[in-house]
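For reference, the chain that follows is the form predicted alone, supplied as structure tokens.
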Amino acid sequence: MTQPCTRQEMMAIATGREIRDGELAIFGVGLSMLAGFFAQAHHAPGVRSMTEGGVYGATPVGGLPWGIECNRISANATSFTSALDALGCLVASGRCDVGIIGAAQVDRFGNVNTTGIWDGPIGETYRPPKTRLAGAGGANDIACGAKRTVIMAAHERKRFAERVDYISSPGYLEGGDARSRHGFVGGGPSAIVTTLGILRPDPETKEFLLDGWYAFSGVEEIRANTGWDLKVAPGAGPIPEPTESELAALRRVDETGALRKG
């Protein structure tokens, strides 16, 4: 009997479903890498993967890599370049089809904060945060330059804010046509995939709406865990549960069970 799917695994599978065969994709570490390599193992064998550090065309060996240049990902890579090539050339030029990034905090326009948490408005002069976070890494480059991004986040009210404390990686800024007015090459986030469901942007306002929920969640739970008045998109509904083949592929990628959390 198959071990029940955890919320983390459901989020990884739902994110992996967003990746199409043949795309040039860039993955961050942790869950975003699990989602990306799950897609490669299950339905997108022709995906051309790369990391922020420039490892291209790899398939993890011996479990999920601990980082962007871990031996598990570099053992059978096609090539090794650099962050300058990966982020400064492929991503910044608009050649990257999709990037997957994480978020400590995300707002209704898909802006991501991974810099810090403040105890009030920052104002015009930067001041140290109350809580320092890990930082953006290459996520800012990916959010600016990839044709589309998929954001992954644990769905908790403290993370889903009306407005992020600090924009580490831009989504649609204040909404509408803000991205085009600011000259971004990339198209912006196409989905926020969470531990409870999937949000997608309104075509005009770019405000994120609830598009679907998992079998173990629902509209009211998701709205209660969102810090803005989350609207439900027309046609929203239940998200298909993982198939046996999807779970098997995911667990082959994460054979050490490093991210199999409840």
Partner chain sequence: MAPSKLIPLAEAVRRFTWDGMQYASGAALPIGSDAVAFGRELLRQGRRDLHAVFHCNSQQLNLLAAVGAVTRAECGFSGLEVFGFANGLRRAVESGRLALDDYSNLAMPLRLLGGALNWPFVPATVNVGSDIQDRSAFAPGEHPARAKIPTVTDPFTGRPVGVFSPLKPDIAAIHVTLADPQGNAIMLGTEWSRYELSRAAKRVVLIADAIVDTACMRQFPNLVRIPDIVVEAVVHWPFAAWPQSSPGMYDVDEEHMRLMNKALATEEGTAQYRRDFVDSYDDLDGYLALIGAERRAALAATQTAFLLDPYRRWILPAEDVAALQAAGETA
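All figures in this text were calculated on a predicted structure; none of them were measured in a lab. Residue numbers count along the first chain shown, from 1.
Heads up, the form predicted in complex with the partner chain isn't pictured, but that's what we're talking about next.
Residues within 4.5 angstroms of the partner chain in the model of the complex, judged by any non-hydrogen atom, belong to 57 to 65 and to none of the other stretches in 224 to 232, 57 to 65, 195 to 203, 211 to 219.
The partner chain in the model of the complex comes within 4.5 Å of no heavy atom belonging to K147. When the partner chain is considered in the model of the complex, C70 lines it closely, a heavy atom lying within 4.5 Å. Using a 4.5 Å cutoff between non-hydrogen atoms, A161 does not count as a contact of the partner chain in the model of the complex. In the model of the complex, the partner chain sits beyond 4.5 Å of every heavy atom of H43. If you check the partner chain in the model of the complex, you find no heavy atom from any of T6, A39 and G237 within 4.5 Å.
Although the partner chain is not shown here, in the model of the complex the stretch 91 to 114 places heavy atoms of A92, S93, R95 within 4.5 Å of it, in sequence order.
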